[in-house]
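The chain that follows stands alone, in the form predicted alone, written as structure tokens.
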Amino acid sequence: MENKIVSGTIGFIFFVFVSSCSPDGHPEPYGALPSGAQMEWQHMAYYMFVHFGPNTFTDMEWGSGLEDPAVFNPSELDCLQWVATAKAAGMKGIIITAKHHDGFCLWPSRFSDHTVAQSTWLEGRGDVLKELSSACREYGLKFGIYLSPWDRNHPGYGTAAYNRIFASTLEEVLTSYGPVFEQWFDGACGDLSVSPYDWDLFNRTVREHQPQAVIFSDVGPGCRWVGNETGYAGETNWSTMDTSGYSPGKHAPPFGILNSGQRGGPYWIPAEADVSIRPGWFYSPATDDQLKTVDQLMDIYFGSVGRNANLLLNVPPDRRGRIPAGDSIRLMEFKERRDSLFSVNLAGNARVTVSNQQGGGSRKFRPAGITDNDDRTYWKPADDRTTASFTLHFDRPVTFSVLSLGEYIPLGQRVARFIAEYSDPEDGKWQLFARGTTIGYRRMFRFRQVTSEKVRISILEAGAPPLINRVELY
């Protein structure tokens, strides 16, 4: 999974610099905007990665491609168990390593002799992708595909013909298993001196056959690698980037840009944070007692979903083809902790006052749009105001230790700096309890418990009038 690489053209994205309102009073877009598919992807927030293949049985992370296909022989493969576990854990989808760097295909591909058809599993008649996609449909989860262009088994790899072979492999998968919500491209590669990857061809193939699929890579175009494999986005995290001048491989954006995005970038390429529940990506018996703790998973959640990124948590099946009991239990413990923490949004009972607001009386822009739990409504300051504040008033003191904020990103990401304060119960003076830069779709903070009857959020810097559609206190 290391050294993720990809490039490609960006389509259907608008780049507009405006700060005024349209004639009907609705705000004009600002900067690069998410597509409908990217918005749907952002709403998912948290989903499962599944690394599964010959490496599961050889205790390897990167296979050589020389493994005997017979080594792949799960004794009790149960994709329904994977999906039921993901669903119970609060995940919204699953992305599977359909082909890792060793070249082994988890479906009977026409373009390879290194597949489940050559294995002893089900006497060569099995198809993991068919079983998993069917299970996802049954449980209402979305289905995603990981295909590594690197193929350490295929004799054509590194030749001029291989790009077409890989594109045909992509087409085969993308036309055989129903809707794909995300196409995950790993950029690790061998010697490409003869024929570099044709990323434009690969991306075109995805768009042709799965136009709603969000394409993942270092540089998108649908979403980007966060720059590490620990699951943490930058405390500043723009969903925009400028990929001009970058190319796949060693000329991809530096980790700092991947981690934080770029303010004013012309392309909407939000971050996805990938991390494994175990030390490695594939199952190993030696790591059964090395699962991440609930505290560690909570830290990762706040460092990814809480920093304007989606979280892709890897949970590898064992050699039976099932998610181990310990991993499943840990996921449920993690779910229970989140449910407990986010069970009661105190801000939902607050009265909201604002420093200023858009005129015209539109319900869409009313201050209550901040707390109504409706992604379609938001508060908008008066025209051309890029600094503003809003205050939550409570009938009695409330005690909280988590703040969550959100912008109305269909019209662009705007906020660049803000602070959060509470009114001191003793003297009424404002006391700082959180400060940040970007907000984006979601920004969350944890801090020592605060008790107060008033909380104020002040936007100190924004590229255009800020559109705030979410504030939550827990």
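Predicted, not measured: the structure shown is a model, and the values here were computed from it. Sequential numbering from 1, following the sequence displayed.
Not on display, but discussed next: the form predicted together with a small molecule.
Novice: If we define contact as a non-hydrogen atom of the residue within 4.5 angstroms of the partner, is Glu235 a contact of the small molecule in the predicted bound form?
Specialist: Because no heavy atom of Glu235 falls inside 4.5 Å of the small molecule in the predicted bound form, the answer is no.
Novice: With the partner left out of view, is Asp318 within 4.5 angstroms of the small molecule in the predicted bound form by any non-hydrogen atom?
Specialist: Taking the distances in the predicted bound form, the answer for Asp318 is no, it never comes within 4.5 Å of the small molecule.
Novice: Is the gap between His100 and the small molecule in the predicted bound form 4.5 Å or less for some heavy atom pair?
Specialist: The answer is yes: His100 has a heavy atom within 4.5 Å of the small molecule.
Novice: Is Trp281 close to the small molecule in the predicted bound form, meaning a heavy atom pair under 4.5 Å apart or at it?
Specialist: Contact check for Trp281: yes, within 4.5 Å of the small molecule in the predicted bound form.
Novice: By the heavy atom within 4.5 Å rule, which residue out of Tyr197, Phe111, Phe394, Tyr146 makes contact with the small molecule in the predicted bound form?
Specialist: Comparing distances to the small molecule in the predicted bound form, the residue within 4.5 Å is Tyr146.
Novice: Can you pick out, from Ala188, Ala84, Val402, Met298, the residue that has a heavy atom within 4.5 Å of the small molecule in the predicted bound form?
Specialist: Here the answer is residue option Ala188.
Novice: Does every residue of Glu28, Trp379 and Arg414 put a non-hydrogen atom within 4.5 angstroms of the small molecule in the predicted bound form?
Specialist: Not a single residue of the candidate spot has a heavy atom within 4.5 Å of the small molecule in the predicted bound form.
Novice: Which one of these stretches, 125 to 133, 159 to 167, 100 to 108, 369 to 377, sits within 4.5 Å of the small molecule in the predicted bound form when only heavy atoms are counted?
Specialist: In short, 100 to 108.
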